[in-house]
Each structure stands twice: as C-alpha cells, then as structure tokens.
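Below sits a lone chain in structure tokens, taken as the form predicted alone.
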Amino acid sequence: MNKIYITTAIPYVNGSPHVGHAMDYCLADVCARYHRLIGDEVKFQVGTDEHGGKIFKKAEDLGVSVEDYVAENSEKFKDFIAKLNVSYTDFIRTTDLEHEHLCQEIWKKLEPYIYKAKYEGWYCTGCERFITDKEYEENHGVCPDHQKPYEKLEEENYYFRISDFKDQIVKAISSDELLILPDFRKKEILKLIEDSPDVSISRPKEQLTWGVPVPDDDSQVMYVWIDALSNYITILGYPEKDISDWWPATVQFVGKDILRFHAIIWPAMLIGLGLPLPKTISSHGMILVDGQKMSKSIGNVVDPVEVIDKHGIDAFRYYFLRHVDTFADSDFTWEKFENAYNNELANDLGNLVQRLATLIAKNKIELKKQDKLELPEDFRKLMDGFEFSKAFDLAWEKIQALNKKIDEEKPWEFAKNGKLDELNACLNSIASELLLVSSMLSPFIPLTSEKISEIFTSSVNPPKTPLFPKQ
C-alpha cells in the first residue's frame, strides 16, 4: 500500500464555482478513487484562496465585511464540491489562522532569497499580478483575459529571487523528476523559464490591506504566491510538522492558465525550502462552448449546477470526464451532451444493465460469487499515466462489447430451447464481466458503479426505473 497525496488548485472566492473548477475536482477525484480501489492510502486536498485586493473590493462594493464575504463564498465552494461527489479528505481556507501563521514561518525560511526593491511597471488588477514589458507589448497594453488596460504602478515590494533556482527547475523538468503533463505543456514551461523574472511577493498595506502580514514589516502584506501556493504544505502542518509521509505530492491538478505559477514559482519556493518537488503536475485544458471561450459578456457560460440538477451528477461526470480530453481544450454543446446521455449512458449502459438483470431474474439464474476483481493491465497503465479520458474510453469499449456479446450469444434462445447449463454459463459470464467493468467505472461515475454492484451481487432484481432515463 502506497501513500498518495493529491492536490487541487484552490479557487479564488470572488465569484461562483464554474466548470473549470469542476474539472480540477473531478480529475483529482478520479485519481483518488482509483488509488483507493487498488489499495492505496489517499490524502486529497481542496480549499479556497481568500486574500487579495479583488476580494476586498468586492466585499466593500456589496457593503459586507470581508470576513463574512469570504466565509460565505468558501461555503459555496464546499457545497459545490459535495454536489460533485468529490471524496476529498482535507479542506483548507487561506484565512485559517494556522495557515497564516505557517505562511509567516515559510516566509522566514525563504528570507535568504527575498529582497526589497522599488517597482515601476505594469499591473493587472483582474489577474492580480505584475506584467512584464514583453507581455505588455504583446498584448498591446490590454489584458486578453479581462479586456482592461494594464495599470502603471510604482511601489516598493519584497521580491523572491526566481533567478536563484532556474537551472535546478530546468533540470528537474527536463529529466521528468518533476513530470509536467501533457508533454507539450512541459515544452512551453521550459521556454517560459528563460524569461521568468523575480516575482513580487508582497504589496504595501496602503495598496492592499487584506492579506497575511509580512513578518517584521508592518507596512507590507504577503501577495498571493507564498500565501496561496503554500497551502499544499501548510495543510500538512509544514514547517512545524514532519510532512515526509505525504510530501512530495503524487500529483497536483491545475488548469493550463495557472500552470506557469505551479511549474516555476512553486518549484522555486520548494527548492528554497529544501523540500522535494511534486512528482507530477497535471494540467488540463479549457472547456469551450461552440468553439469559443466561455464569457459572461457573450452569454455562453455553462453552469455546472444547472447540468447536475437537470441530468444528475454521474451524467455530468460522465460527459466531462470522457468527452472532455484530460489534457486538451474540448468543446461543449448541449446537443453533444444530450446525445452522449441518450445514446451512451441510457442506451449502452442503462439498457445493458436492464436487459441482463431481467434475463437473470426471469430465468432464476444464481450468480456465482466473484473472486477479487483484477483491473485490466491496459486500464491500469492509462490510469497510472493520468490518461483518464482514454481509460474511460477503454471501459466504455467493454460495455459496448458486452452489448454485442448478448446480441450474438442470444441467451433467450438457450432458455427457449431448455439449454439451462449454456444459459447459466452465458449469463454468469456476462454478469462477471459487467462487474469488472463496473469496477473500472467506479472512479468516474461512482454512484452508478455502486448501483450496478448492488444489482448483480445479491438476488438480482431488475431496477424499477432505468439507471439513466432518456431525456
């Protein structure tokens, strides 16, 4: 049994949960459930990022205290994670007093690599980060994500010397000591490291009051990186506890938009602390709608809660874990979703379960007790390589093959002709294979997998309602 530590990027709580957050949680949950299935012990982190200027301004605009605002929004994310049926073990808020204290201790340990300097340059309030002159020129002075001009700022901040660690980071990524997935993202990061500047890790209190105080300097508060990124180890108790049972993380799941911070700034911090790097950072793409990036102004935002409420959680997980590529940008339309629901979930799987259960019950077949199910090697290889959408495809191919097997072997003909031994062997074989497939499905659509196991491991009673009623 191995100890497996899985992390997700903590969302900024100035808005509602969206499909991108759901992808982080669902991918990490698939990984967690798979490792439990094969007997590993899993620690699985989720949480919320609650400091920063945007949050303070939003609370101020709403006329509420910032403490109440972040508490309310953190609960929204907690409720959302529960709605997704995500099996996390630990939840962290960056406003937790213990986290804030440990961040200050981390700052002290990184002080040999921290210096104070004046900054004059460009800043994006939406991104809450400073912009290099090169980025400013490439984007013609306007943030492509927020469609607002960059601001000119002049202030004195503390900086973290990324330059001290570039060679070690390049070596770790190039050798796959720190595995970046997918491979084309790894190549992007290796190019970005060359031009990565030292990063600002504080803001003057006159500019930003809502943050963790910088140790021994009342005029500054910590800015995003040491506060937010450190959550992956403060949740384990670092630096006041030995975290070697769980660190380095087995895998950290992030969206491609924040990969550069996790693959450059975060490794630099870890090297500065003398800690090992995570084993893998898995980066997923964006979900597009009709080929376009989701945007409130365009009005094409997909509300994950709407999908779940209308079709059920396993239908949501099915589409976004199978039809959305684990690594690449993927397209969503309601037509695609409904076709997948009706033609695959309802027809392929729902009908298979209904037909098989009806045949077994009608013919009073006694199912043999199953030996421990061993997951197929090709499935395990894909899951171990975080190729989740491909592993899901493989499981679905087996479902389609079982439908074909029923059609070809025609067990009802055995019953009609009194060939009871052949009937018994045929239905036991198909039921056994379906239970194995159900085990393969359990990381992806766990509620459905549980229902299938219940149907075919006791006195078989066909479900009174279809697993997936046609919409």
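Being a predicted model, the structure only gives us computed values, none of them experimental. Residue positions are given as counts along the sequence shown, with the first one as 1.
Although not depicted, the form predicted in complex with a small molecule is the subject of the following passage.
Report task. With the small molecule left out here, work out from 273-281, 148-156, 249-257, 78-86 which stretch has heavy atoms within 4.5 Å of it in the predicted complex. Result -> Selected range: 249-257.
Query raised in the report: Which one, 376, 350, 285, 121, lies within 4.5 Å of the small molecule in the predicted complex by heavy atoms?
Result: Only one option qualifies, and that one is 285.
Query raised in the report: So which of 193, 229, 110, 143 reaches within 4.5 angstroms of the small molecule in the predicted complex, heavy atom to heavy atom?
Result: Exactly one listed residue reaches within 4.5 Å, namely 229.
Query raised in the report: Do residue 262 and the small molecule come within 4.5 Å of each other in the predicted complex, heavy atoms counted?
Result: Within the cut-off, so yes.
Requested in this report: Could you confirm whether residue 208 comes within 4.5 Å of the small molecule in the predicted complex, counting heavy atoms only?
Outcome: No, residue 208 sits far enough from the small molecule in the predicted complex that none of its heavy atoms falls within 4.5 Å.
**Report entry** Heavy atom of residue 29 within 4.5 Å of the small molecule in the predicted complex
**Finding:** No, no contact at 4.5 Å.
Query raised in the report: Hey, in the predicted complex, is residue 10 touching the small molecule, heavy atoms inside 4.5 Å?
Result: Residue 10 belongs to the contact set for the small molecule.
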